[in-house]
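Structure 1 and structure 2 below are two forms of the same protein chain, each written out on its own as structure tokens.
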Structure 1
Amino acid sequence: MGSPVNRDDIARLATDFYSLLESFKQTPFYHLIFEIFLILTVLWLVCFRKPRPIAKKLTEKEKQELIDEWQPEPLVPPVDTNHPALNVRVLDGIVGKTIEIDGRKSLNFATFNFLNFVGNQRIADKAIQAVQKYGVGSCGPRGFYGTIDIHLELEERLARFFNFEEGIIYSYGFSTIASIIPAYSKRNDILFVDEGIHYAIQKGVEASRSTVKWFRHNDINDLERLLAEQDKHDKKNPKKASTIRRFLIIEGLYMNYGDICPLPRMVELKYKYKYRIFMDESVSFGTIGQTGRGVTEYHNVDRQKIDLISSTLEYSVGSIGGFAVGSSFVIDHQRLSAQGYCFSASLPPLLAAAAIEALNIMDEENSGLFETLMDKSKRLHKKLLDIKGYRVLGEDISPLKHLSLANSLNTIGRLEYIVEFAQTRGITITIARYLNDEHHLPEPSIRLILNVEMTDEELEFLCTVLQEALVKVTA
């Protein structure tokens, strides 16, 4: 027999129970809810959850049947065998003012050889001398025994050409701007970007992982609208806004349109809304301005007001690679942060030597190269406008122009017919090609590129061929 429960035990139990009730009253409500949820979960697991059934072991025959039924996903999507990239025209010889395709010479209005430096004997001689002195390549990035004295000379020459403190060169034109943008703009920063920028800039914008605000192509009013909206948003949280960097990403002369950016107004807005300007002058360098120094010279804008100018050595200069110029503070950051600079083998010395000699020619007094190019561009523009049935896109002084057909006639098929017809007449032109993942696809067009050595007779012949092709394609 157990001992009887006395009054003291009962009183102690009552006190403990009362204390428990008091503690429940003082416990936060969310804590009680959480404990009840845990108790119910445990009860459900113990009483109601069914044990997982044991998987049936497959026989060898069943395994083989499953293997036979399985179809792997293709590594790449299906590609049309008639795609232009798979049916390229193979050239023979120097890609200059004239080129040879399938044993037949034609006038070249398709490649970016604006100043006809490809095949220039002075430049070729300097490249040969560089090969004899340095060999062909460096086999190392700039930071790891890939820097050669001629690289430093080219960077100094580019900085002096644009009147900036410092320059930096890259081994590949595409990777230049694609590496520069993510080197500065990071997550949570804001990029104001013209929707007409070319693909390399788009890849740089994408790699930055920044907030991107696209404005309509060359529409300064739309840009100002976005800037005003952001300024209004920033005033709601000034502390956070002070940590966000803002960049304007533009081209000097747009590759996909042939028009020039309204730079003076963009510089005005820079000081009103506090952003940095990154301008790519891949097309305008060596083509626009009295001395070929690009859109800043054309608009008479102080170049020091542009935070960074990038360009390629693959168009006007006729070499390979790219570069950027700016203040030492801005440029030196790329040597540690721009992936295309840090992880690519340095520019082959022969190409650096070619670029230096091209700059020497561009810098010679009284060369008249750029005035001649702009004057011929104007004359070609006027001749093209006289052909009824084509729409001509681009500035009159631009050596890069886009031709399209009017209204519903403007299809890829008709433009390809014009290109093929022109080739049979000894004129090489090309359709402007774009990738499917571009942010904004321009309308189909034929891209015409003017070489400074083209004569008036050759320009007249081009227009005659285009007129004949138009008659045939619209018949």
Structure 2
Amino acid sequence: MGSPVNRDDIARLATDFYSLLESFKQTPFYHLIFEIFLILTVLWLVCFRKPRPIAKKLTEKEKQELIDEWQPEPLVPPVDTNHPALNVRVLDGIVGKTIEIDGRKSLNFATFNFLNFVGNQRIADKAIQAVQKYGVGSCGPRGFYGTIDIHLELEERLARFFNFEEGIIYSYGFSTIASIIPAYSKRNDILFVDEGIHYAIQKGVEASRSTVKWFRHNDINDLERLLAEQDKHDKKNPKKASTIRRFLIIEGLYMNYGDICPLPRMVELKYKYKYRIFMDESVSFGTIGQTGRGVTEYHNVDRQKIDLISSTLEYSVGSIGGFAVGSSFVIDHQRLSAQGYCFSASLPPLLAAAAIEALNIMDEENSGLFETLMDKSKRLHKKLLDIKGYRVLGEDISPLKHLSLANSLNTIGRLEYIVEFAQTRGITITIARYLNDEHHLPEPSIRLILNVEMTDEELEFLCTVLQEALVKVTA
């Protein structure tokens, strides 16, 4: 076969190769090193060098220029002088069934004074006795000689009132639930929250940094949907799911809407999906139920199934502060981890004394306070519904109702006109005020609050005035 490569070619190649080698031997040593170095450099540049980022190095002069040029915004933006916060009505005297504004008395349907304890003589006397024994302030947080024996008494009374093991009190109603939620729920946990909760609870939820799942207000089906979704998610990763705590955050009686939560079904779901229930009963404590023990009494649910009930001493009790009750296992944790408890001064003793006396009054067997209140609420509800033209939100037994105008007529301006008109006729009512960064801003409305000592005539008078106002505002 005629192979193009024959012996001569091979011989020639070999000779060439041999001469190449000879030339290597003859070149100076440094030349070889230089050539090898160049080849290696090329190899490294091609294969290994990463593009280096260009370092931003400013000179001192440039930095100073930047500092001189920078102009901050003004500390606060300009504020509208007509904002309601800057034009409040200033009161004088005891804010009880009647209020005095600018020297004129009017009936009070605006403050959360459900049981008319503000100005109660017995409570005032006990508060005075407390000042004569303990002074005014408590001068320290609970951990450092701020625990006064009257605090321990109040905690025990509250726990006994609700038939729970332990209670804990806070010095401010807003901070109560806002400190409780972050004490239990941390970054990895899940909170199922009703959309209609009020602002303090929203702040607690925000401060906890947990995953939040909002469900539509009082919509148990929406909650079930969310729970089922989470359950499906959990089944994919059961090991991780066993470290995630779940909580349901609801209110007993919603302050923004006046309706009651569907508690029995929520308790059923608790045992199915394994979450703990934290219920805020600020409005329903002392107002709902035969003996004022709240929504658990109203729905006839076993109270021990609720993990924690928090409430405030600022509404029906007529003092200042907040509290939480539950089993010792749950409540005791707050004594070291709730920020509003550990790092804040304790409740002034006179306020605790006032709260204890209010509890005494509530505990009296034959007071019939709560039945009267629920009864009057029902009657007021009926009367309000009779005035055609108002939308009345809230349960019929709830002493807190939201009043708004029908559909497109419902503006803040019109509601403010109604409030002013009512004031001239001797009725004090108020619009429910919210901040703009509420999670679910409710519709504008007038918040009507019923005082247990209001007579039928006064309720009639209220409805008459509201009727007149309606006529004027829709004209």
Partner chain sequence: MLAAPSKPCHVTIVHRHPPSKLYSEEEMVDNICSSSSDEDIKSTNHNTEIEYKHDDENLQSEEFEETPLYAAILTYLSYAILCLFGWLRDFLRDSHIEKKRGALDPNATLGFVPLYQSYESFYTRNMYTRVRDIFNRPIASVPGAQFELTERISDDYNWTYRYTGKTINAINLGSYNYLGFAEKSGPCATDAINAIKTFGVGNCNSRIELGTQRYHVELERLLADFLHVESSIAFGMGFATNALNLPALASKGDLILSDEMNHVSLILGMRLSGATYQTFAHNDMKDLEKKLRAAIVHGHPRTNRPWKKIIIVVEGVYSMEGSICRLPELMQLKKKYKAYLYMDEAHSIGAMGKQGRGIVDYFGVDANEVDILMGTFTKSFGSAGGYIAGKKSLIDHIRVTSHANTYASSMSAPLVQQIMSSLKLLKCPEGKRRICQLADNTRYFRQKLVDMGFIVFGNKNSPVVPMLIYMPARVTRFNREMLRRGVAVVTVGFPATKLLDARVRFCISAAHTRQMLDTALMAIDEVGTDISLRYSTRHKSRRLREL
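The structure displayed is predicted, hence computed values, not measured ones. Superpose the two forms; the largest set of C-alphas matching within 1.5 Å is the rigid core. Residue numbering: structure 1 sequence, from 1.
A.B. asks: Which depiction, structure 1 or structure 2, is to be taken as the form predicted together with the partner chain?
C.D. replies: Pick structure 2 here.
A.B. asks: At a 2 Å cut-off on C-alpha positions, does G103 qualify as shifted between structure 1 and structure 2 after fitting the rigid core?
C.D. replies: Shift of 2 Å or more: no.
A.B. asks: Compare the position of the CA of T424 between structure 1 and structure 2 after a rigid core fit and state whether the shift reaches 2 Å.
C.D. replies: Stays below the 2 Å threshold, so no.
A.B. asks: Once the rigid core is superposed, tell me how far the Cα of P72 moves between structure 1 and structure 2, in Å to one decimal.
C.D. replies: For P72, the C-alpha ends up 3.5 Å from its position in the other form.
A.B. asks: After superposing on the rigid core, what is the C-alpha displacement of K63 between structure 1 and structure 2, in Å?
C.D. replies: Its C-alpha position differs by 13.0 Å.
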